[in-house]
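In the block that follows, a single chain appears as structure tokens, in the form predicted alone.
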């Protein structure tokens, strides 16, 4: 799948900046106002359900950006990115479980309900510190980042690339899924972590809290976009693109390909962990299903549909695919997976540069020329 030019991907034009500003106004101002300030009986009122749904999409957009950073610019296709997303989600879930205290079913101020049910006597050592938000926020970034650093160090030093890296990354996320399903791991087993009550003292059932989480997620998406943009437009970004296009030549020129890949892979994992932490309070649960290999593959589909190596395309793809999921799982749930598979085939064969690539081809006239050439071949 050929990436679009670096200039387009960075969205450096005035039109690109205008798009970012419009998104910021819509996400941070218009949506909250339509929910909180417009009366429920009005046709312009936005229900809290849709605010929470949009917040979930925003978290997925951060996750898509994290994958696009390594796949679109460094050529590293990770099919195990759900592991970093899930670890970030579990870190935030552990904090919110510690906040339940005596309000749990068993009324134990120290142990979560699932530990009481399993006859655990004491809190595991790796749960200590999660009663503090600052510690949980640190772990949201540190745990996925450390895992990515160790995993990437062994993989990149061994010069594992291409489909081989994709396979071992998928094996990694599958191993996490199997491990977290076990009750003795201390993470709730099959049921995961749920029944959260509040976050930072704010009741999760209140509409204002849900809007606050939505705003925090939208602001985080903007911040992550600018971080990714700063990376891909820097000297490091140009080096990553060179590694993607001609890794052997970059090594011959004396650059450390291993260090460049390790840096961007670790950063990408930390961003995925942040996405998981923002996702969990809005959906109210985190379980081993988030580590399912199929979910990591779906992240790659979001990026491919939107436009790999474009940043903005990753956001667009996350919204487009998940919007389609919301529609089809409600209207015709039995055909959703068929639709997803057909969408991936369509993008691979007819839209190799994704939605953003098609748009740019139309603007430049290349799309019209391509259609004309195909019509001429048909006439011949």
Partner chain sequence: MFKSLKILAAAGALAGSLTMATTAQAADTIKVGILHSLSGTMAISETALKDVMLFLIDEQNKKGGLLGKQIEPVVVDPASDWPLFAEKARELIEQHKVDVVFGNWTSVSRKSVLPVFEELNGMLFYPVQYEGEESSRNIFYTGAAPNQQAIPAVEYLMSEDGGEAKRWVLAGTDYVYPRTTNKILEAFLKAKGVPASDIMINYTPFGHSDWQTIVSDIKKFAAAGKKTAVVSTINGDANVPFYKELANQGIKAEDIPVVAFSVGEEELAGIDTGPLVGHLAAWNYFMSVDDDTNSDVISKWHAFIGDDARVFNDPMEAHYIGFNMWVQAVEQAGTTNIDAVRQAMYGQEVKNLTGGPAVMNVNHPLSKPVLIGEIQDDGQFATVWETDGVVVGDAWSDFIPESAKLTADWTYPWVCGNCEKPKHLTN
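Keep in mind that this is a model prediction, so the values were computed, not measured. Positions refer to the first chain, counted from 1.
Another form, the form predicted in complex with the partner chain, is not on view; read the next lines as being about it.
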Practice item. Using heavy atoms only and a 4.5 Å cut-off, determine which of 99, 233, 183, 256 is in contact with the partner chain in the predicted complex. Key: 183
Review point. So which of 123, 138, 222, 116 gets a non-hydrogen atom within 4.5 Å of the partner chain in the predicted complex?
Key: 116
Practice item. Would you please decide whether residue 105 lies within 4.5 angstroms of the partner chain in the predicted complex, comparing each non-hydrogen atom pair? Key: yes
Check your understanding: Do residue 251 and the partner chain share at least one heavy atom pair within 4.5 Å in the predicted complex?
Key -> no
Practice item. Give a yes/no on whether residue 287 approaches the partner chain to within 4.5 Å in the predicted complex, heavy atoms considered. Key: yes
Practice item. Evaluate residue 279 for contact with the partner chain in the predicted complex, applying a 4.5 angstroms cut-off between non-hydrogen atoms, and reply yes or no. Key: yes
Review point. Using a 4.5 Å heavy atom cut-off, are 205, 283 and 334 all in contact with the partner chain in the predicted complex?
Key: yes
Check your understanding: What stretch, of 186-194, 225-233, 125-133, 138-146, brings heavy atoms to within 4.5 Å of the partner chain in the predicted complex?
Key -> 186-194
**Study point:** Stretch 306-328: residues contacting the partner chain in the predicted complex, 4.5 Å heavy atom cut-off
**Key:** 325, 326
